[in-house]
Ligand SMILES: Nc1ncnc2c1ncn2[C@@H]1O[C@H](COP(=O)(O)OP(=O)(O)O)[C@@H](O)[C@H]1O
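We begin with a single chain expressed as structure tokens, specifically the form predicted alone.
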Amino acid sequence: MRTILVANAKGGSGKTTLATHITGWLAGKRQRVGLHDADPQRSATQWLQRRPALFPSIAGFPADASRKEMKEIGLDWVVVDSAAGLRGDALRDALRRADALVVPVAPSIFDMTATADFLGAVADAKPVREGGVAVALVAMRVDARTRAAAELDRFLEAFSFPLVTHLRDTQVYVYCARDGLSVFDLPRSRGEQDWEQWRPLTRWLAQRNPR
């Protein structure tokens, strides 16, 4: 079982969006996947409750679920939607249980300042230093025509972790959150542009395939 931790200490950075869509992609690939909602707001759990019954199955787990409990049902993957403010011992514990970390970063000075501290702590964590946890950065809610997007790219270039992809600022993600869907559940006419933006990240994730 592989564990993908989606984390950033900054609230509102896009963690639940990434976690639910990563989970939706894996489910669509017929992987046995669980969504571990470690955020007290329970947004990922609510998304899962809205998910249509006929769509690819995803197992949901509350914040206090144990790794043993998840392993016992034979999952291939667990995606963890972490809480805001993850730092210190809690961050180190989460990284010890993870195989990969995906960090969403939004194009605002507040997000970038908080993320700089967070990525510093990640880089110092033993599981990352020793190469046991792969780390990817994802630029969220990006409008490529804006100065903010360019500033975000320059900011992320300063870190040793790869900036894997940019996800656009679109109402598609709002509708998916409302309906319990991911972009991978949408018909080609609605989802193709976003599939293209996700492709670098899904390729990166596929390299962590447990099979």
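In this text, the rigid core denotes the largest set of C-alpha atoms whose superposition between the two forms falls within 1.5 Å. Keep in mind the model is a prediction, meaning the values are calculated, not measured. Residue positions are given as counts along the sequence shown, with the first one as 1.
FYI, the form predicted together with the named molecule isn't displayed, but the following is about it.
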{"query": "Stretch in contact in the predicted complex with the named molecule, which is absent here, among 52-60, 153-161, 29-37, 169-177 (heavy atoms within 4.5 Å)", "finding": "169-177"}
{"query": "4.5 Å heavy atom contact, M140 to the named molecule in the predicted complex", "finding": "yes"}
{"query": "Contact of T23 with the named molecule in the predicted complex (heavy atom, 4.5 Å)", "finding": "no"}
{"query": "Touches the named molecule in the predicted complex: P200 (any heavy atom, 4.5 Å)", "finding": "no"}
{"query": "Touches the named molecule in the predicted complex: G191 (any heavy atom, 4.5 Å)", "finding": "no"}
{"query": "Partner contacts for 10-41, taking the named molecule in the predicted complex and a 4.5 Å heavy atom cut-off", "finding": "K10, G11, G12, S13, G14, K15, T16, T17"}
{"query": "Threshold 2 Å Cα movement between this form and the one not shown for D143, core superposed", "finding": "yes"}
